[in-house]
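One chain is shown next in structure tokens, namely the form predicted on its own.
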Amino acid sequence: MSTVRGVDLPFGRFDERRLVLLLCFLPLGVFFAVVWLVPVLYALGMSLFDEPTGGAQFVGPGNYIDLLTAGEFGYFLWNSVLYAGSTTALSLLVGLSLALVVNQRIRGGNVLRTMMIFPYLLPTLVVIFMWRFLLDPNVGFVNQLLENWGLIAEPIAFFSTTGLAMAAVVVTSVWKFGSFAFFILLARLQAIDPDLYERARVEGASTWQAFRDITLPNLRGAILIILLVRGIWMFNKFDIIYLATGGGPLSATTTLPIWVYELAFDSIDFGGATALAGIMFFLLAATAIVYFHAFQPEREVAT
């Protein structure tokens, strides 16, 4: 028997400190269950029926089997991985490059830092209109520039060409979301002790050696966070691809989120759509587990 302020409790040791912790975390647990756990379980349950919206017939894992054995599943999964991986990697490289430049306190650095927030604040629809105009084969600035430089013989319809549509969507996404990595990395760079670089210069270290031995180790935690958060976000991204290409041409930019939309609203296959969303959930959950096991980002917080 244990007591809390002299009151006997009928269960094991449960002191005042544990009671306070329970009361503090109980609202968070309820909120987590209502907002996340219940909807996820409900959606996974719906994926086991052929028609979740009404007149449903239980099919068990049938929807999952049909999707996993479909010929286009591998292709759409590859498109999703390609889009998420390339946009995340390029956003990280662009953000890191600009953060290193601004961190040097060069002239105009404050202006560049202010300008970096604008793409992130612009509505996605505005960004799509702007880049479709820039890459337009008739009046687009990019095509005119490439023609003037003699790099192309005739205009290219970037968003309508099978081999270039994904690249065009990736460039558009990096332009809009690159500032996410920029601000995280810049904040971490500014937290590095300048004395470390001074000691490295005294000991004769080159710029590359200082970057390799001081900058990169201190940026490891920020880079891991960007890879995880941005990778998951871009894997689930729907709006920017749908508005830019609609998944075309010839499914060249169709990713798993686009396929979910097509199954639900074009094919009226709600069972398949919810099952595909479930597959995406399990893929991302497995990826997150492997990520935390391999990189152990919690060690960055502990240090």
Partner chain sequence: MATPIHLEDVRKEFSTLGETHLAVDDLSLDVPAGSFATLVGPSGCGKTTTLRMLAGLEIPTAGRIRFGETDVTDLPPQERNAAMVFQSIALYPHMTVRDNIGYGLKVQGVPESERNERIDDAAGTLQITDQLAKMPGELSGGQQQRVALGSALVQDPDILLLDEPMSDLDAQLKAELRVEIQHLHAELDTTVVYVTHDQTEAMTMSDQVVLLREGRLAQADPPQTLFDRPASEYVARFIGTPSTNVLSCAVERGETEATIATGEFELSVPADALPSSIDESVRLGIRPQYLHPGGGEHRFEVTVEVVEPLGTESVIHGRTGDGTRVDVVTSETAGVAPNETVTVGFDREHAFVFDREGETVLFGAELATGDAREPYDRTESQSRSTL
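Residue numbers count along the first chain shown, from 1. These numbers were taken from a predicted model, which means no experiment stands behind them.
The following text describes the form predicted together with its partner chain, which does not appear among the structures shown.
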In contact with its partner chain in the predicted bound form (heavy atoms, 4.5 Å), from 80-88, 123-131, 197-205, 175-183, is stretch 197-205
Quick one: from Ile156, Leu100, Ile214, Leu164, grab the residue that has a heavy atom within 4.5 Å of its partner chain in the predicted bound form.
Ile214
Contacting member of Gln144, Gln209, Asn110, Gln190, with respect to its partner chain in the predicted bound form [4.5 Å, heavy atom]:
Gln209
Taking any heavy atom pair closer than or equal to 4.5 Å as contact, tell me whether Asn218 reaches its partner chain in the predicted bound form.
yes
